[in-house]
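Just one chain follows, in the form predicted on its own, and it is written as structure tokens.
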Amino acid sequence: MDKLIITAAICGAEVTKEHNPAVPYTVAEIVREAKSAVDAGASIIHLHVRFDDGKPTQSAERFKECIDAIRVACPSAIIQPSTGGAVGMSNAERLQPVSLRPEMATLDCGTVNFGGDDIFVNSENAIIEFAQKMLDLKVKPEIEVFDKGMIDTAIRLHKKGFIAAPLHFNFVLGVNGGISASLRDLTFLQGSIPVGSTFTVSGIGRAQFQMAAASIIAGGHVRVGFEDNIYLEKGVLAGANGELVAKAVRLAKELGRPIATPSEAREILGLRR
């Protein structure tokens, strides 16, 4: 098995300080959380950004400010901007950070219900637009998968030349409206991706560390962080993203998976620098 790549999703677009006071909004807070995660063993920072009042934004200027500051504190880390943004944002808004030419960015490959009236819309033409932009700028897409059909979409677009091999997937398990956080469904998704692909698993809420353990055993990689889960254990809020990363590191060591450094993660994922 490859060494384990840990991604830290440090703030997301929906979780707030009302949920957990440690959720970062300002540039300084985002740097603090990124450094805590990298120091604990994360190689990748999955990045959403906020204005200082907590409002999510896809502004390229705000992303650049945060990315530049993270690079000072964590010079070797892989920084992966989200193109998901927040529910209701336009495609043009969501695509802005790709113009900064990061090593990686997320590529959502289908529409999913997020509970209540929230629908995260990704039409096939929008997916092609996002994929083509990343291809043109040599940004490696992390293919976000909330259900099995999204894998099929990614494979179809890969065959048409919009997504370059090797493919890298993020299985998001346990979202309302998406595939469940279960061993059965993780096995199903893993068996559905092309040979030579890599995958990360993001368990939502209470499923974060159960699914992390399953992915570690299955040879996949792991995402943790405040975007997906704010608790270290039942009833105990995590004081920093680094605490969640450290728990994933402990699991990996118990299960016999060494942790990848950022340079090793780049080699595993086939990233340019």
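Residue numbers run from 1 along the displayed sequence. The structure displayed is predicted, hence computed values, not measured ones.
Just so it is clear, the following notes concern the form predicted together with a small molecule, a form of the same protein that is not shown.
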{"property": "Heavy atom contact within 4.5 Å of the small molecule in the predicted complex, the stretch among 81-89, 68-76, 179-187, 151-159", "result": "81-89"}
{"property": "Heavy atom of residue 106 within 4.5 Å of the small molecule in the predicted complex", "result": "yes"}
{"property": "Non-hydrogen atom contact residue 48 with the small molecule in the predicted complex at 4.5 angstroms", "result": "yes"}
{"property": "The small molecule contact in the predicted complex: residue 14, any heavy atom under 4.5 Å", "result": "yes"}
{"property": "Any non-hydrogen atom of residue 33 within 4.5 angstroms of the small molecule in the predicted complex", "result": "no"}
{"property": "Complete contact of 114, 120 and 144 with the small molecule in the predicted complex (any heavy atom, 4.5 Å)", "result": "yes"}
